[in-house]
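The data below hold one chain only, encoded as structure tokens and taken in the form predicted alone.
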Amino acid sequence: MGMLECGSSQRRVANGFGIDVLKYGEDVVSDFKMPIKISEHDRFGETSALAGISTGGRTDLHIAMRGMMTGVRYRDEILDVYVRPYAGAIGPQFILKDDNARPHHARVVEDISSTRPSSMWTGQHAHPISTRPSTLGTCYRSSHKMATAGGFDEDTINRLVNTIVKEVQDSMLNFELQKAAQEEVRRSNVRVFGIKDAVIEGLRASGWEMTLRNEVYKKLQTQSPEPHPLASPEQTKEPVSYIRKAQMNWEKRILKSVNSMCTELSVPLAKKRPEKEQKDMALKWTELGTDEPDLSKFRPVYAPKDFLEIVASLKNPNLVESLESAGFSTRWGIVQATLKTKDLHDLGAQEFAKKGCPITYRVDLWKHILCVHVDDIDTLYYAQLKANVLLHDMLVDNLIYKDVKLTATNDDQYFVFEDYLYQVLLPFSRDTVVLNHFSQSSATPAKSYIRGKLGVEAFAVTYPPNGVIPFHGFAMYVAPLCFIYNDPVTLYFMFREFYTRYFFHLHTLSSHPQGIVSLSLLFETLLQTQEPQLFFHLKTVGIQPLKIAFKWLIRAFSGYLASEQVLLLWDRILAYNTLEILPVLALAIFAFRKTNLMQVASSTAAEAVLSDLTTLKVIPLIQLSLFTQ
């Protein structure tokens, strides 16, 4: 609250504020300075004593020389200069209280109030101009528009909007917006009744409106559907019980593999590096590929073919078995999970054939789409992750080294980025921010216990710290990005956003439309409906197409297509915010090689036909597949 009072002498006002007035005509000395801009006035001879009171603070005494304080002077020297910036900074909760002194209610002051009928002041003053309501109003409108475009019902839209607005209010962005608004207020030359529009225009011109819209879009991507009030936390993460159970068993299998590796090799999950090793690693941080540990005894925790076996084993126990008991399979493909998938019409798949972003703008466009803007705080955060890598040696470090050696290092397109991959993946394993994506995932991060405290939750820690155990081919999620970003810090945050928004779906069991189970089922369904003759021929000779295509899907085609074609494909993933283009492209590849595949009689021959995809062009393939239907 700001308070204006009249009727006290200059010395009384000054003493009341703890300010020592030396003598009339000399400078006024204050022993404190507070960022409060609400002023009070009192006549004292040919001067007026001005000061301010506000909850939790006060201002220096200000002397207005040359005559009495009139309504015009009050408007021009007090309201416009002091009250307006402070009121805008405080926000809608700001209240200005006066004691009915004449200057406070002069006609020129009342005229300001009459032009702003929605006054928030308790006195008869023009209300303070707050940029905060308009900022949150933009956030509210953006949230509502994006949620409506997403096809949500009205109740869900209202919940999403309120949640996103609150998250933005509590974020650093809101603080930065308020600072920018204060700068606009100080920069503005307009009067109080026009300051709101001037501030909004200034923020829009400086790009803050677009920044806010991007933040709303980012928040919208991470919102979960509202769970049933009676649903348990496990049901909220994954509503389909048999898939949830399969994911839990799969996680136990992974942990068993990690623990057995520790036992066989007598290697702890984590240990502190010796000081000499820390210094050596710091010196060789940009050349880690030249001094990796002995990896001969380490093995990947699992490979895509192992995961495919689990996907193929999923089956709804409530499914009627009448057809199977008669010798018929309920589905032609190997995926027996009963999930709803789309057809080409539902996908609007022709949209995928549109041109991607210009190559020269990809660096900035991808950052804008993923809302990645690296600043000094991000750089410092990466440095902390790096320090954690130098301090502790973990088992997953060896798994990362092993994976990079088996995949990217042996790839003619990506071997030059080996050091970059280590600079991204090693810090990634320590990043606890990645844990946030588990609220959108059916998976649960593994826990490790201090020796001798097994099962005691107070001594449990997430292992690895990011909750993600790398598998064979994990490094290929990073490799294509190395062609775009040459700064390890920017590369890191781009990969982290890609993973937490898209790639985690590709190696977890869930009923999500973009999960690997749904994508696999979508591929088989599309191939059966669009190329039934080819599918029947392959099944007749004992070939399951998904066994060939699954490795493409789980890596998002990284390492199989030429690098520039992978980037064109990922353009579409970002542009349409979906992974469903992956099975569409897999269908297009089978259709393109149909003539040769119709002649094969074994899985080895089929693998040979589809072994080299580096000469294929993504966009013409998708166009050929879609536009010829």
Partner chain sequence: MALNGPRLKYACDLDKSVLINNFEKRGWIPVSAEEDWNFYWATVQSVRNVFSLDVGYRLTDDQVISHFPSHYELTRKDLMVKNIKRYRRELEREGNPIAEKDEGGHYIHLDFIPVTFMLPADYNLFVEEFRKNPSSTWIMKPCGKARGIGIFLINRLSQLKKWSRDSKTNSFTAPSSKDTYVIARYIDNPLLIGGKKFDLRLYVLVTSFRPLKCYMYQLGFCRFCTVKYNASVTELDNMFVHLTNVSIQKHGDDYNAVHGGKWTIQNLRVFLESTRGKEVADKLFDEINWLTVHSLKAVSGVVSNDRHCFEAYGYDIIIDDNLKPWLIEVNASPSLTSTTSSDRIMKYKLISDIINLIMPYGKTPDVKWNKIPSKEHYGNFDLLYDEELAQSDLLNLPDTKARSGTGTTAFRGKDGKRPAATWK
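What you are looking at is a predicted structure, and each value in this text was computed from that prediction instead of being measured. Positions refer to the first chain, counted from 1.
Keep in mind that the form predicted together with its partner chain is missing from the display, and what follows is about it.
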Practice item. Sort through Y242, Y449, F471, F483 and report the residue having a heavy atom within 4.5 Å of its partner chain in the predicted complex. Key: F483
**Study point:** Of D411, E209, D306, D378, the one that lies within 4.5 Å of its partner chain in the predicted complex (heavy atoms)
**Key:** D411
Exercise for review: State yes or no: in the predicted complex, is some non-hydrogen atom of L567 no more than 4.5 angstroms from a non-hydrogen atom of its partner chain?
Suggested key: yes
Review point. Any of the heavy atoms of Y217 lying within 4.5 Å of its partner chain in the predicted complex?
Key: no
Check your understanding: Should E287 be counted as a contact of its partner chain in the predicted complex, where contact means heavy atoms within 4.5 Å?
Key -> yes
Review point. Taking heavy atoms and a 4.5 Å cut-off, does S563 contact its partner chain in the predicted complex?
Key: yes
Revision key, fill the gap. TL;DR on 294-302, 174-182, 370-378, 411-419: the one with heavy atoms within 4.5 Å of its partner chain in the predicted complex is 411-419
